[in-house]
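Consider the single chain below, provided in structure tokens and representing the form predicted alone.
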């Protein structure tokens, strides 16, 4: 129990009146300052190698003490903005919220706390790893679990479990509920670094915010500013934006692709149409012909129509959509999703001319002569072949044709394609998994059992496919033979395929990082009755006139074009998609958009010069 003090006890302090004052010299304070306590909030340190310039620290600062400064010596790159935070210590309250929310763990506070100067500018400081005075100090304040401000875990979307999944082509991913979507949207820090990485530079933070504010019409408006195939891309986009998401530096990146899908799936159809069709302009004096109704052609047509141009799309197949309509399986991209995107473009007034192959049903010159400009986005449809023995055997099946047959079957427009009950698929990329997993479903539907062997040169961690494809393919029963390079298609005495001879791979790249497969002399035979090959595809340029073909600059099967898609030497001709860049849907959408802007500028200048 504490002892009660006497009312005279303060008088004891009078004894110091006669003692000599103690003065600590200024030099001692500043030259050898006392070490600050643990977790002290001293001057900032920023590790520029970790910092990604997201600006989240500046956004949260309650005193506006942090400004993001563009650094000329840094370059914008995937997941990294060339900016770094500068701190105004005339305003800083040392609250450390900037450290708590730092997405890359680059920003911290040291135990250094003394800075004297008559120059006020020195209190505005661009911290680096060596602190304000380039003196090494111990770490001060450190974020802990309690002060963590970021939600690092992704809200997982429901999906059909693998048991029984291969019994149909039903879509696997179910979609976010409203509560899950809002929770996932709340993880975004709105830094916009993802926007730079997206090939179409979509307004990602803006449309994610529309999920958070539950304003779906605003979300649709943002999506269509840069992507008229948002329904498709909300399901099968390569989502490179997520690989740049700054939340991924310390946790799971925001599910950007699924939030895009949520906006599409949860906007009433009448609201959707009203927002999109309100972008259509009155027709002006200009007509553009588009060859190929895939993602690049549809995108180009959409943006040209918003500018008022009359647009004709010439498509060889009965349905528009290109690779997304005739390549991606139904379990990843339902027919209704493609149909809605395509139908919206038709409703804008774009003229679809289907079952018409340019070069066969109509000449390239006729299109040129009846339009003011031409855009070509015909894609890659000619299958590549491996350089192996017996690769020209007529029974070898290739991805493009099979996927088209499979897709027509799943949308009730064709018979089930024929196949054996013991198969090999050669590949490694997303398309080869589309082939293998479609065959799994067809075998299950027809036979109730599966037997598919998957051969690839690379180990699983280096496969060119999305990691989800390997994971789900494994769950569904694919039998993998990885690190194996095909050297021969095995043919018996009756000219029937009975398997593939492979060599064991020891390396798939050189020390400098270039792709090069190295194999041992050791080989093995993998047996099956049928072989499907999915190792890429090439374009078909036969529809161009001989004069144009002779003058096109083509490198590695890609036409060289200007930044806006204009073909050198032919100002009226534009191109985009797989025949110029590739290799994915969102890049084709971006190409179509750029080309539409380029065509508009070309036709505007042409009319201006004419007048």
Ligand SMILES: Cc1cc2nc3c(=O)[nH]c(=O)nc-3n(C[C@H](O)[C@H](O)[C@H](O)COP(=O)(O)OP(=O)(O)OC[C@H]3O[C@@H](n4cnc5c(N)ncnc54)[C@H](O)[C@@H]3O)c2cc1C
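Keep in mind it's a predicted model, so treat the numbers as computed, not measured. Positions refer to the first chain, counted from 1.
Just so you know, the form predicted together with this ligand exists too; it's not on screen, but the next bit is about it.
Among the candidate residues 154, 357, 287, 501, which is the single one with a non-hydrogen atom no more than 4.5 Å from this ligand in the model of the complex? Contact residue from the list: 357.
Identify which of 109, 431, 489, 374 has a heavy atom within 4.5 Å of this ligand in the model of the complex; exactly one of them does.
The residue in contact is 431.
### Task
Although this ligand is absent from this view, report whether residue 341 comes within 4.5 Å of it in the model of the complex, heavy atoms only.
Contact check for residue 341: no, nothing within 4.5 Å of this ligand in the model of the complex.
Taking this ligand as it sits in the model of the complex, is residue 403 near enough to touch it, meaning that at least one heavy atom pair lies within 4.5 angstroms? So residue 403 counts as contacting this ligand.
- Task: Answer for residue 316 alone: is it within 4.5 Å of this ligand in the model of the complex, judged on heavy atom distances?
- Result: It does: once this ligand is placed as it appears in the model of the complex, residue 316 has a heavy atom within 4.5 Å of it.
Exercise. So in the model of the complex, does residue 332 come within 4.5 Å of this ligand, heavy atom to heavy atom?
Worked result: Answer yes; at least one heavy atom of residue 332 falls within 4.5 Å of this ligand in the model of the complex.
Just one of 575-583, 546-554, 31-39, 559-567 has residues with a heavy atom within 4.5 Å of this ligand in the model of the complex, so point it out. Heavy-atom contact with the partner occurs in 575-583.
Going through 371-403 from first to last, which residues have a non-hydrogen atom within 4.5 Å of this ligand in the model of the complex?
Those in contact are 377, 378, 379, 380, 381, 403.
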